[in-house]
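Before any questions on binding or motion, here is one chain by itself as C-alpha cells, the form predicted on its own.
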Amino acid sequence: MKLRTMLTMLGGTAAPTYVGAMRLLAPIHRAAWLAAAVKHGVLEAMRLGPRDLDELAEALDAGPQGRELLRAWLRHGCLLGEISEDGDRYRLTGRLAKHMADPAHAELAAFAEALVRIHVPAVYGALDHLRERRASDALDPALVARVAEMLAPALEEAILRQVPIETPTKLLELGAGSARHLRNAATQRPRLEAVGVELDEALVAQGRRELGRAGVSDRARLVQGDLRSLELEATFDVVTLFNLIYYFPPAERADVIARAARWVRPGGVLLLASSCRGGTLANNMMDLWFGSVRGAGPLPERDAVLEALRGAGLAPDAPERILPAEELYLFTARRPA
C-alpha cells in the first residue's frame, strides 16, 4: 500500500484526530468485556486458578458451535491485557480483572456492568427519547443497588453518628435494598431496633437471608412495600432515605419527603442522601438516565430538597458533600423536640 493511501485512510492532515478516535476502542471494549466476564462467571472461575478452553466452554455450556466464538472472546480479553494465555490455559492478568473477580470488590464489578447497561444507553439514547417523546423502562433496581454499595461506608458512618452505643434507638430505612445498612447498624449497635422497607421482592428475600446470617433478625427486620402507601404505627429516632428520591417524578418528591418525615419522632432525625443536578460525568449521566426512565425523573436541585425538608416540618442542617467535587449530598434534618 502506498504511503499516500495509508495517510488518506487515516484522515490525511486530520490523522492525529483519527488516531485519537481509535483510542476510544480500548476503554469501551474493556468495560464491555469485563462486564460480560462478571455476568457469566468467567472471572470467578479464573480466580480459583487458570482454566483451559474446554473447562470454560463447559462452564458456559458453549457447545461445539460456540467454542470458536468463545476462543475469539477470550482473545479479546488477552488483547486488552485483562487475561493472558499460557499454553492452552487462561489466567487473570489485569488489575481490574483480578479485583472484579474478588467478592470483596463486588461493587466494582457492578460498576463495570452499569457502564455497559446504564451509562452507554443513557448517553447514547437520551436524544432518541427526547425526539420520540418516549420514556425508558430500563430500570434494574438490583444492579443500581449493587453499584450503590460503593457509597455504603459513608452512609453507614452517617447512621452510626446518629445511633448511640448504649441508648435504645429505633431506625427506619426506606428503600433498604438488601439490608446492608440495617445489618451493619444492628451489628455495631446492640440496643438498636431497626425496620427496613423495600419494594423489590428479590431484594427483600436476599436482605432477610443476610440479616439471619448476621444473627440480628430478632432486632432488624425487612418488610416489602411502597413507602407511598405503607402504614407504620411507630415513629423512629432515625429515618433514612438514601439514593431514592429521583426514583419518583418531581411532582411527587415533596410528598415523599413529607411522608418519610411523618415517621420521625420529636427530636429525631431524617437522613436523606441524594445526587443533585450538576457535578461530574458519572453524576450527570444519572441525570440523563433517570430523566428518561418512566415513573422517575431528573436529579433534584439541592435547594429543592432543602425546601421540601422545611415544608415537612423539619429543620435541616447545611448539606454535607459526600464526595469531593461531586453534587452528592447528605441532608440531615431534625424534627423539633
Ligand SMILES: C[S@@+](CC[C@H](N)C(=O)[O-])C[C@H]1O[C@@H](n2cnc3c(N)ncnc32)[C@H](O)[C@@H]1O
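All residue numbers refer to positions in the sequence shown, first residue = 1. Predicted model, so just to flag it, every value in this text is computed and none were measured.
From this point on, the text means the form predicted together with this ligand, which you will not see here.
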* To do: Counting only non-hydrogen atoms, choose the one of 120-128, 80-88, 107-115, 238-246 that falls within 4.5 Å of this ligand in the predicted complex.
  => 238-246
* Asked: At the 4.5 Å heavy atom threshold, is Gly225 in contact with this ligand in the predicted complex?
  -> yes
* Does Leu182 reach this ligand in the predicted complex if we count a contact as any heavy atom within 4.5 Å? -> no
* Should Val216 be counted as a contact of this ligand in the predicted complex, where contact means heavy atoms within 4.5 Å? -> no
* Asked: Taking heavy atoms and a 4.5 Å cut-off, does Glu193 contact this ligand in the predicted complex?
  -> no
* Asked: So which of Ala158, Leu74, Ala101, Val197 reaches within 4.5 angstroms of this ligand in the predicted complex, heavy atom to heavy atom?
  -> Val197
* Considering this ligand in the predicted complex, which of Val144, Ala254, Val163, Ala261 comes within 4.5 Å of it through any heavy atom? -> Val144
